[in-house]
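Before any questions on binding or motion, here is one chain by itself as structure tokens, the form predicted alone.
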């Protein structure tokens, strides 16, 4: 099981759209994904210890080093396959690199 944390400004809408899209697409590709959502301001080093991959809309400057892979997932929100496909491909590449 790969744990993904989707993040956006409010943690209400965009991150939930990213979460749903990632879970659906990665399931179609044969991966077991558990995705959660969070407001960017609530991301802490302790929180990130619980996840394998961070998928924010864009890479945030949190004031500390993020020690898990980051896949910027903002293009998923456009719901245009040519824009979301590279994000899903990058996410799959990242999942494979985790060797889980």
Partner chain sequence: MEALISFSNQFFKPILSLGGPPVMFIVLTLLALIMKVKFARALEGGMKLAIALTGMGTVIGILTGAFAPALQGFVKSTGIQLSITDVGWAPLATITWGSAYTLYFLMLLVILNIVMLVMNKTNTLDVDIFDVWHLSVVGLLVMYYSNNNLFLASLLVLFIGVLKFINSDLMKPTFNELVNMPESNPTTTTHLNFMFNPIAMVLNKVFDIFLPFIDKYDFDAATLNKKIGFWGSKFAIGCYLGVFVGILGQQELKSIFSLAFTGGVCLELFSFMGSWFIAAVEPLSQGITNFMSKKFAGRQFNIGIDWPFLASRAEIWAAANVLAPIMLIEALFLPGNGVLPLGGIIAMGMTPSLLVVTRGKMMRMIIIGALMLPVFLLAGTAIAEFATKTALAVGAFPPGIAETQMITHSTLEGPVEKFIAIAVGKFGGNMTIENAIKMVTSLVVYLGLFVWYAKQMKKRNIELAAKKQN
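No experiment lies behind these values; they were computed from the predicted model shown. Numbering follows the first chain given and starts at 1.
Below: the form predicted together with its partner chain, not depicted.
The three residues 5, 23 and 54 each lack any heavy atom within 4.5 Å of its partner chain in the predicted complex. For the chain shown alone, residue 67 is not a contact residue for its partner chain in the predicted complex, no non-hydrogen atom being within 4.5 angstroms. Under a 4.5 angstroms non-hydrogen atom cutoff, its partner chain in the predicted complex lacks residue 28 among its neighbouring residues. For residue 16, a non-hydrogen atom is located within 4.5 Å of its partner chain in the predicted complex, even though that partner is not displayed. The closest non-hydrogen atom of residue 87 lies beyond 4.5 Å of its partner chain in the predicted complex. Interface residues of 54-72, taken as those with a heavy atom within 4.5 Å of its partner chain in the predicted complex (partner not displayed): 57, 58, 59, 60, 61, 62, 63, 64, in sequence order.
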